[in-house]
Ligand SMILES: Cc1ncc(COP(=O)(O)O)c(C=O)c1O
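Presented as C-alpha cells, the chain that follows is alone, the form predicted on its own.
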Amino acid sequence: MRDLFLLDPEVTFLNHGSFGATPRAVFERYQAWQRELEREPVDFIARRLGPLLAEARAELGAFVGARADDLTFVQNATTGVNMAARALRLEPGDEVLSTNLEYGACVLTWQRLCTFVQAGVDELFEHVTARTKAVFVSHITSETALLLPVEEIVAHARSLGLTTIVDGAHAVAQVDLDLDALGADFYTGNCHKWLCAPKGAGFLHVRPEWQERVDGAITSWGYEEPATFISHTERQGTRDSSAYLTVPAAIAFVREHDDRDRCVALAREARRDLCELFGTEPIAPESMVLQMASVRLPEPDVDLNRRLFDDHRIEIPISDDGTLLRLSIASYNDRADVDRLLEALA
C-alpha cells in the first residue's frame, strides 16, 4: 500500500489525520482534470463544469447517504462550519452549546458569532437554557481522536427544538455515513483526510428547510434567478474545481482498498503499547477509538514532535499544550511503523 502513495519513503508518516495523503492514482486523476481545464478553460468552466460537479456530488451523496442536491462542495470542513454558523443568523445573547473537545478553528468561529458554551459530553444537555439556539458537535474529535455518540446527541437536540451542526472532518471514510438517517440540520466533512482526495475537497450537507438561508462565500453569478442552494454555493467565481471532481476517484480507491478493520485494530493495539510505555491511563474506552488514537504523555512536551521528526524522521502531532500524542493508522501504515515510534520514544 505504501507504494501506492506519494509519501516520502524516508519518513514514518503517522499523521494522516492532519491533512490526509493522496494516492498516486487519485493524484494523477486530479492532475488530469487540471490539464483538461487548461486545455480549453472557457468550455470547461462555462459549459461543462456544472454537469461534472453534479456527477461528482451524486457519487459523494451515494457514499455518505445523502441526496446530491442537499450537498455542496466546499474547500474544507471549517468552511462548512462557517457557512452553517452564518445561516443561523444568530443575535446578540444567543447561545450555541458544544462539547469541550472541539477543533480550535471552529471554536473561534462560534466565539465571534455568539455566546459559545462548552461542556463535557455526558453533561452537555444540562447546559441548555432559554437562549440556546443550536448544538454543535464533532463526529470524531480532532485533538483527542474520539468517536462521539452523534446519533444520540442529534436526536436529543432535535427533540428539544435545537438546530444541530456536526463537524465530520475526520468521519468521512472512517465511519459508514447515512446523513439522511442521522438527521442533522448541517453536516460538514473533509474528503482530503480519510477519503484520500486532493487537498481542498470537502462538503456541506444541509437539510432542505435550511438551504435558502445558506450563502456562498461571495455574491456572484450563482445568485442570478432562478437561484438555488447549489448555485449560491457552487458558482463562486473563477476557481479550480479539480479537487472536487477527483472525489469520485478517491471513493473508488478507498472502496477497492478498504482496510479499516486492520487499521482500527492496529491503532488500538498501538494505543495500549503507548500507554504502557508512558505509564499513563487511556483517555477513553477503546470503543471510542477508530483509526486515530491520542494518549497522554507522562509530562507536557511541546517540542516532542519536532525532535521525533528531526532526529528520527517520524511525523506525528502533539497537542498544543504538549500533553497528548496523536497517532493515525492509514492503509499504508503497518506494525513496523508503530515499532519505530516506540523505539524512538523509548
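Remember, it's a predicted structure, so these values are computed and weren't measured experimentally. All residue numbers are counted from 1 along the displayed sequence.
There is another form of the same protein, the form predicted together with the named molecule; it is not shown, and what comes next is about it.
Q: Any of the heavy atoms of residue 106 lying within 4.5 Å of the named molecule in the predicted complex?
A: Residue 106: yes, in contact with the named molecule in the predicted complex.
Q: In the predicted complex, does residue 84 have a heavy atom within 4.5 Å of the named molecule?
A: Answer no; every heavy atom of residue 84 is more than 4.5 Å from the named molecule in the predicted complex.
Q: How about residue 245: is it within 4.5 Å of the named molecule in the predicted complex, going by heavy atoms?
A: Looking in the predicted complex, residue contacts with the named molecule do not include residue 245, since no heavy atom lies within 4.5 Å.
Q: Could you tell me if residue 205 has a non-hydrogen atom within 4.5 Å of the named molecule in the predicted complex?
A: Answer no; every heavy atom of residue 205 is more than 4.5 Å from the named molecule in the predicted complex.
Q: Please identify, from 178-186, 261-269, 237-245, 139-147, the stretch that has a heavy atom within 4.5 Å of the named molecule in the predicted complex.
A: That would be 139-147.
Q: Just give me the single entry in 164, 99, 233, 76 that has a non-hydrogen atom within 4.5 angstroms of the named molecule in the predicted complex.
A: In short, 76.
Q: Output the sequence-ordered list of residues from 175-212 with at least one heavy atom within 4.5 Å of the named molecule in the predicted complex.
A: Contacts from 175-212: 190, 192, 193.
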